[in-house]
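Only one chain is shown below, in structure tokens, and it's the form predicted alone.
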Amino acid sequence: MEFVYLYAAMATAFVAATAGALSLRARPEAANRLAHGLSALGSLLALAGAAFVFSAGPQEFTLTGDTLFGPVAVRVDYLSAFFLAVIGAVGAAASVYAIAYSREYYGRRLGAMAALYAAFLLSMLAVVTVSHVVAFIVAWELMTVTSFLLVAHEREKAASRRAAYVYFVMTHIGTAFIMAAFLLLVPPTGSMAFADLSAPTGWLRDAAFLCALVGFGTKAGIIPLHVWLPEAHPAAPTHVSAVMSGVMIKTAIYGLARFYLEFLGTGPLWWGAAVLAVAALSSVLGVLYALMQHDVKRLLAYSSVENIGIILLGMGGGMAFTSAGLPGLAGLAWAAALFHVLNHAVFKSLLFMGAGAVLQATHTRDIEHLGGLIRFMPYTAAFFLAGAVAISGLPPLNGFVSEWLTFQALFALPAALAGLTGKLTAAVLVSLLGLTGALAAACFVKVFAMIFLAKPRSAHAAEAQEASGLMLAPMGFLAAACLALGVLPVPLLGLLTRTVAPFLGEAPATTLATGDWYAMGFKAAATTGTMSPAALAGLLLAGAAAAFAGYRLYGRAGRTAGETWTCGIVPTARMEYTATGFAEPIRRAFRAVLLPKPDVVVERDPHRYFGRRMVFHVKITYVLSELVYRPVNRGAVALARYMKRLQTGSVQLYVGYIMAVTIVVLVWSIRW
């Protein structure tokens, strides 16, 4: 089969899903099964397309004839194929999950939601495959509009409307910068084909770099452009949140990679330094804000900001190595970044699906009102635990591998930044990445403990039931993927080597993934490193087996069940450790950044010997929102109100405005 037919079949599946969902909107069950089933099929075809490219080489074909902006082509090289695979894998899992999860939307515009979901997936696939500026912008806007409508699906809720508004405004600011970046690359011939774009020289090249960073960084959710992300992800239906957080923000990483690897090429050292600075800020602040959240979907959204920071640490390191003429180390850093792209897509989608199963069973996202769900939802708990271990960067799951590679790249940073500056920068970045990993582990210990352990803290949690098989199956697939990518990363490293080699030269192909099937390794300049995740997993299994054997041989037979001794009082859920209490030490340690404002409400009883009821709240100050976005918002509203005074409805006054402006322009033009 030729690639063009595979691509056409994929697009047809998504178009049929959209049309079918709209035509069957009066029959929600049929619309649900048809649209999400075809979406799963289209995603699997995308995965097959990626496999085709990696086996047969890059593919290209003309999508349209000569248009106003020239012919539009589809070009799928290894970089596009990698992102095609990421979207296809997560899209297939999320679509199967959606068949069961969307049942609660029967009678609540399910047909429109399913149609938008299919169009959303198709738009993302178009973004990473078209090779024409106008077609890219159209696909990018289609992705934005469909995701905006999905965020606003429950528009009867004020929070959803606000989230959609913030998302719409921020993402269009980003689009404006992306368009500016592309316009700086368009050659004098006016050709919009990617192959004809050329980087300008001088300050215009730096301007293109900054426009791309701001434009795509807004969609990726880097700090300080992240404000839409913690609002939009909780507002969208959970399977959409999984795709938005796991995949959609990665299209921005694709855009940055395409710009910095292909369009702009090797840049000055400060480009890499700028990306590293943004990455460090996003990773540390992202995980700190995640740790302070009680809304599980909002927490996961902030965690995405942190992981985008980790990805950018690899990309920034790669740019620094490239500018220093070290393609081997650049390949290592870029491979670490792309490895984490796939890892984050897998475990973040898994965690969102687990959160959705909990939300559907308990009707709350507040982890303070959960607890004890491991007894009622054991499979969901097991899969969520796999995602939590993976995102914490613990072996033997996949997050450990990509973070290990990122560490190795940062350790070698002095090779690109000579002198004391390079050593200090590398030390600071390695320390911040270590701090990020530790805080992420604390964050997900809190999440898992508050949701699944101890006693239920609400009636809804006590009555929860396990998710359906159609929701558990994709979660199980993603959990297995976390384990497989963690234990056997070498085949993926081989694909990543082929992905980055065309942009960096042949050196990365001979220095990455040189280990055997059970061990990965690299050799770049004077730097070498090897690690065997499979051996590590074997050691962990051997330790567990030894502990089990010791328990069987010398452990006590039988067990005693009973309540914890609490001075004669039967413990209740109100006596459990809370999420607020868990985060208290970290909140105190980082109070200079988080600026917590505690609020204690004491309700006294008239009788002096009776107890008091105390309610404790703590408010975290989001410095960037308070210092930047709110003042800008207030200024824009004030300016709009002032300008509104000009709208008097008087035609004579409007003519007067025009005459005044005309006179000013005439005076200016003749330089009086």
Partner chain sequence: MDLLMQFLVGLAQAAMVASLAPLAAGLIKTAKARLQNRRGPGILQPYYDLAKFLGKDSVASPTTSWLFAAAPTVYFAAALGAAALAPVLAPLAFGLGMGFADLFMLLYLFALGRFFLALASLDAGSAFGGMGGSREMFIAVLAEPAILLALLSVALPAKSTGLAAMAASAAGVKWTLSEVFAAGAFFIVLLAETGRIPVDNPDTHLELTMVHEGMILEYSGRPLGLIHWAVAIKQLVMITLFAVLFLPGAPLSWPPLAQAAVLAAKVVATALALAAAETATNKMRLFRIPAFMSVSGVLALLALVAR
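Residue numbers count along the first chain shown, from 1. Everything quoted here is computed from the prediction, not taken from an experiment.
Same protein, other form: the form predicted together with the partner chain, not shown, and the subject of what follows.
Hey, with the partner chain in the model of the complex, do 435, 439 and 536 all fall inside the 4.5 Å heavy atom range?
Checked in the model of the complex: all three residues contact the partner chain.
From the candidate stretches 293 to 301, 358 to 366, 153 to 161, 399 to 407, select the single one in contact with the partner chain in the model of the complex, where contact means a heavy atom within 4.5 Å.
Of the options given, it is 399 to 407.
Pick from 189, 528, 421, 201: which residue has any heavy atom within 4.5 angstroms of the partner chain in the model of the complex?
If I apply the 4.5 Å criterion carefully, the residue I get is 528.
Candidate from 543, 325, 598, 265 lying within 4.5 Å of the partner chain in the model of the complex - any heavy atom
Selected residue: 543.
Looking at the partner-bound form in the model of the complex, is residue 106 within 4.5 Å of the partner chain by any heavy atom?
So residue 106 does not count as contacting the partner chain.
I'd like to check something about residue 484: if you look in the model of the complex, is any of its heavy atoms closer than or equal to 4.5 Å to a heavy atom of the partner chain?
No, residue 484 sits far enough from the partner chain in the model of the complex that none of its heavy atoms falls within 4.5 Å.
With a 4.5 Å heavy atom cut-off, would you call residue 228 a contact of the partner chain in the model of the complex?
So residue 228 does not count as contacting the partner chain.
Looking at the partner-bound form in the model of the complex, is residue 182 within 4.5 Å of the partner chain by any heavy atom?
Taking the distances in the model of the complex, the answer for residue 182 is no, it never comes within 4.5 Å of the partner chain.
Heavy atom within 4.5 Å of the partner chain in the model of the complex - qualifying residues of 374 to 400
Residues within 4.5 Å: 374, 375, 385, 388, 389, 392, 393, 394, 395, 400.
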